[in-house]
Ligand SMILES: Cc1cc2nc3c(=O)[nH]c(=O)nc-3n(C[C@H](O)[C@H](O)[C@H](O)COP(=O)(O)OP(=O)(O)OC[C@H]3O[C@@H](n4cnc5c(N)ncnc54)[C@H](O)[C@@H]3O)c2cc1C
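The chain below stands alone and is given as structure tokens, in the form predicted on its own.
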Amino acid sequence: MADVVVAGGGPAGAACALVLARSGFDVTVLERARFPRRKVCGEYLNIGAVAALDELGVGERVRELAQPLLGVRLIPPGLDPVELRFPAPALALARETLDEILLNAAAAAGARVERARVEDLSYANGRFTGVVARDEAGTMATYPARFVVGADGSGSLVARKLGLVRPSRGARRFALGGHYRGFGDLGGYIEMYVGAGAYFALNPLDGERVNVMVVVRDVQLAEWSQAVDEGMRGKAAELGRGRRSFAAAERIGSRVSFGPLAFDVHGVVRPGAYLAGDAGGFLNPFTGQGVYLALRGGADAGEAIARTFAQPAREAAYAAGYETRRMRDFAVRRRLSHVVDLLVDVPLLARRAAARLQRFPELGETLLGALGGAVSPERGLSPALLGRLLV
């Protein structure tokens, strides 16, 4: 029996496994994909993510391969671009590279990594006691463990089996895009073109490749029917308003699509089980918090479990502490995400906010700091800041 079995080898699962393996615990990571895997979401590493990578001991390796980012260039309808500089360095790195670095670090620390798809959980005596998974050959096997960590992403099977999923609220959005060349030099800035209910985002990965995403509501995607590529290009041209489009761009690899960009839970702990990363709730990727929350959440879950092994009598207290921190932080960040959603959905608000950000750069620095983990997310929701931004 393992001490911990982790479902999912992405940033949250790898961070959790790394923390536990370095503490001497027996950890098994089950990942259904073969690494390095192509995954084009979450290729922006904000301030908090960079700090978390340093704490995990892989920051130096990531910096060797990453592209520095200076800030965000916001382009709302009817206004010139607004440049918001990050208060501290941020990075861009392909997820296939980041994920491999993290999972390799966990394996080097002693975690076992196996290819298998988790399909069920085992349960006995009032707690979850392992997972049931199917390996590459199609063979089903049970992996018993003292703790299970669900780090299997948005739409988490583990979260569903734990009975923690609740219906998502708000607009259902979908992202389409991939890696492209031919967009030219973005000058170290992420560009965000916003319009009513949609946005067009470009994140420079290196001198050639750009991560490009067009995010639209489900009704828009349904209208495109089978002509998704044409619809995506048309929407990008509309939002880009002559500044950017796919006209001279060439896609590198296949187009990707994912969504809906929403997943919500009413808890992240059950006896013997934890959720981490997107499995514990997913926020609009416009805010760029995904990898940061995955790394922090995965490491925090690992530390709570390690403390439990050291003091078994305090298991309930450590689990409750993890859940309280995660749910409280996520609730604030969800509200902050809703504010950002308003700026995407309502052009008048987007123009007003952009004009204020242009005039008062410190507002943008505070907002980016709150989203990126440099300051508490509550600061980004303070009535004084929101009043200066929107009123």
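Sequential numbering from 1, following the sequence displayed. Remember, predicted model here, so these are calculated numbers, not experimental data.
A second form of this protein, the form predicted in complex with the named molecule, is not displayed here; the remarks below concern that form.
S.K.: Can you work out whether residue 290 and the named molecule are in contact in the predicted complex, taking contact to mean some heavy atom pair no more than 4.5 Å apart?
M.R.: So residue 290 counts as contacting the named molecule.
S.K.: Heavy atom to heavy atom, is residue 153 within 4.5 Å of the named molecule in the predicted complex?
M.R.: Looking in the predicted complex, residue contacts with the named molecule include residue 153, since a heavy atom lies within 4.5 Å.
S.K.: Applying a 4.5 Å heavy atom distance criterion, does residue 282 contact the named molecule in the predicted complex?
M.R.: Yes, residue 282 lies within 4.5 Å of the named molecule in the predicted complex.
S.K.: Does any heavy atom of residue 61 come within 4.5 Å of a heavy atom of the named molecule in the predicted complex?
M.R.: Contact check for residue 61: no, nothing within 4.5 Å of the named molecule in the predicted complex.
S.K.: Can you pick the one in 106, 273, 210, 213 that has a heavy atom within 4.5 Å of the named molecule in the predicted complex?
M.R.: It is 213 that has a heavy atom within 4.5 Å of the partner.
S.K.: Taking the named molecule in the predicted complex as the reference, which of 336, 353, 50, 30 has a non-hydrogen atom within 4.5 Å?
M.R.: Residue within 4.5 Å of the partner: 30.
S.K.: Thinking of the named molecule in the predicted complex, which stretch from 218 to 226, 303 to 311, 273 to 281, 139 to 147 has heavy atoms inside 4.5 Å of it?
M.R.: Partner-contacting stretch among the options: 273 to 281.
S.K.: Suppose contact means a heavy atom within 4.5 Å; in the predicted complex, does that hold for all of 86, 263 and 381 with the named molecule?
M.R.: No, because 86, 263 and 381 lack any heavy atom that approaches the named molecule to within 4.5 Å in the predicted complex.
S.K.: Can you name the residues of 346 to 385 that have a heavy atom within 4.5 Å of the named molecule in the predicted complex?
M.R.: Going through 346 to 385 in order - heavy atoms within 4.5 Å of the named molecule in the predicted complex - there are no hits.
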